[in-house]
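Presented as structure tokens, the chain that follows is alone, the form predicted alone.
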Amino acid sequence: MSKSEFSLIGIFGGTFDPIHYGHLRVAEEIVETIDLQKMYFIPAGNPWLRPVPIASSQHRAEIVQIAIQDNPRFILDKREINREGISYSVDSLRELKQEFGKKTVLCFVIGADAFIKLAKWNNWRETFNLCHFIIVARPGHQLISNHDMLPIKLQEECSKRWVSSVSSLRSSNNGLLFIAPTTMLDISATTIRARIAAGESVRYLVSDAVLRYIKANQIYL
């Protein structure tokens, strides 16, 4: 790494209700593709734009820890579930930016379906001053090939931010958009919860250790 380049840290937020192999595979490939030092998983406490999670904050955090425990570059960060009130991503990004300092760049991992709604976030324009966005396609979404599907004000904000190389991410400290090529496993937490509630198998959708924890604590029944 040259003196002009920054080190990159991944930030992966979500309700993780529960975390599953779709999340983990995306995280693994992004860490490898972008050569992130670490990937921080941040379970949402009380999310702003999504329904209240089914599992408690404590259970969701424990499930994330179990799921990632064998990967030394995956880290659980509980700041949002420990924070009172609504979970705003911008608050976490502000804190992380201050903690890591000027030599480290935050790379916020976000699904295409969520990125389309970015303009509804609290202080959404400020997020471009705090991180790069690493966008992953979700099955059924076409953002990769058609940026015009973004809302107009988001299109205008993003028009000059798209990059196609990892080196661009390393040479700038914030504000860029990178679409990550990843293996998209069509797995949803909603389906997992429904199958558990119906007494159906979710093996190979979540890890065996996660499944044991869910069963032992009777979550999603």
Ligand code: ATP
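From a predicted model like this one, the values you see are computed outputs, not experimental measurements. Each residue number is its position in the shown sequence, starting from 1.
Although not depicted, the form predicted together with ligand ATP is the subject of the following passage.
The closest non-hydrogen atom of Ser168 lies beyond 4.5 Å of ligand ATP in the predicted bound form. Though the partner is left out of this view, Lys38 does not reach within 4.5 Å of ligand ATP in the predicted bound form, counting heavy atoms only. Contact between Leu185 and ligand ATP in the predicted bound form is found at the 4.5 Å heavy atom cutoff.
Though the partner is left out of this view, Gly10 does not reach within 4.5 Å of ligand ATP in the predicted bound form, counting heavy atoms only. Per the 4.5 Å heavy atom criterion, ligand ATP in the predicted bound form is contacted by stretch 106-114, the sole one of 68-76, 123-131, 92-100, 106-114. Scanning His59, Arg195, Arg161, Arg50 against ligand ATP in the predicted bound form with a 4.5 Å heavy atom cut-off leaves one residue, Arg50. Only one of Ala189, Leu176, Ile34, Ala55 comes within 4.5 Å of ligand ATP in the predicted bound form through a heavy atom, and that residue is Ala189.
Taking ligand ATP as it sits in the predicted bound form, the stretch 7-32 comes within 4.5 angstroms of it through a non-hydrogen atom at Phe12, Gly13, Gly14, Thr15, Phe16, His20, Gly22, His23, Val26.
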